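The chain below stands alone, shown as structure tokens; this is the form predicted alone.
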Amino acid sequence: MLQTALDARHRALGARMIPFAGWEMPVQYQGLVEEHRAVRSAAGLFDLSHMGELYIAGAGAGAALDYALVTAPGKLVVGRAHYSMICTPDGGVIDDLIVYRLGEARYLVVANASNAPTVAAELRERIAKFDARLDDASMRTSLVAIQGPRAAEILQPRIEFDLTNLKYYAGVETTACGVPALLARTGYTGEDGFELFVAWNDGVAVWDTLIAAGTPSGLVPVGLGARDTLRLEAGMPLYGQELDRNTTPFEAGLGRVVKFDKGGDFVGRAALEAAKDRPRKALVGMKVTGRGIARTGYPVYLPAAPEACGTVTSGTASPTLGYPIAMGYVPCDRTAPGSQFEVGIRAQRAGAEVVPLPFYRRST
């Protein structure tokens, strides 16, 4: 199992460590609900160093990524980022990504930990015919995220950049906590927040500085457990649950990501054009109205129907909302808010109602 540069810090804080995507990662420290609520009310600190960081550079880097991905990275303004996907030739999702344009001919692609080697290999193959090269910096990079309504207040005195000038989905190379960093206003919690990409060993300085500075303001370290409940409340998909190679972006409700108008061919274009108007399933949000919590893999039924018509992809008891929520795939003609389903929870069925996504949206 791989360990991040912050492994000793997690253990000193009493974290419960678990295997995750080939890494030993903290799932919780003081408790999932407490950590979740701290992010919603104050701030949380996350070790995301298991993610993949892939730099693409060269005169043809923009064109290469336009061909390799479903979005149009070549149209990004320097300093901005966007959500993207890399798809198979038949339109399935290999991974969802964040792409940053760091310079005229330099990009950063951030991949999920479980898929980073696969994405790196796919990108190397796809960009080979372009004037572009890939540098996999995943094992040289620590990634620390601070998220929550007090994140900017805690971070600002420790960074050489005015955070009021940093837009959502933007990044800047600066100095943070005394070390060089790529600072991005991105996150996976539904709250305002920042991600700091630094050299591997510099992750310790960033973590220690922010823990010391933020604790009086309510900041706590946060594990994978609360990260999952936070992203679910925010209606954000997780690869391996909402997204996989058997699902197209359109079925996941993310068809807006696919840029058919960017010009030229890209991997999966023909299949995605055909799939656009022929989805086989649809992702919805559900409020569980019966007793029990819908978990990943539980069957979804039409009321009183003997056979399942769908599957829960993610579910939890929402710490913010106070009731169970879930996302799942259902028939395409049953996606309207108020549509009724039943979720098979052990030997029982619990009622569930389709509700709009996201479940939670911050007020500012």
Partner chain sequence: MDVPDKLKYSVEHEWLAVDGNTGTVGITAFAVEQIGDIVFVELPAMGTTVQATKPFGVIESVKAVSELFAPASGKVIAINDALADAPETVASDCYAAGWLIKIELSNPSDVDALKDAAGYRAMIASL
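Residue numbers count along the first chain shown, from 1. The shown structure was predicted, so the numbers you read here are calculated from the model rather than taken from an experiment.
Below, we refer to the form predicted together with its partner chain, which is not included among the displayed structures.
Residue 32 belongs to the set of residues with a heavy atom inside 4.5 Å of its partner chain in the model of the complex.
In the model of the complex, its partner chain sits within 4.5 Å of a heavy atom belonging to residue 16. The closest non-hydrogen atom of residue 79 lies beyond 4.5 Å of its partner chain in the model of the complex. Within 4.5 Å of any heavy atom of its partner chain in the model of the complex lies no heavy atom of residue 334. Note on the interface: of 65 to 73, 50 to 58, 334 to 342, 311 to 319, the segment with non-hydrogen atoms within 4.5 angstroms of its partner chain in the model of the complex is 311 to 319.
Exactly one listed residue, out of 240, 255, 292, 178, brings a non-hydrogen atom to within 4.5 Å of its partner chain in the model of the complex: 292. Only one of 247, 229, 115, 138 lies close to its partner chain in the model of the complex, with a heavy atom inside 4.5 Å, and it is 229. Looking at its partner chain in the model of the complex, residues 27, 225 and 298 each place a heavy atom within 4.5 Å of it.
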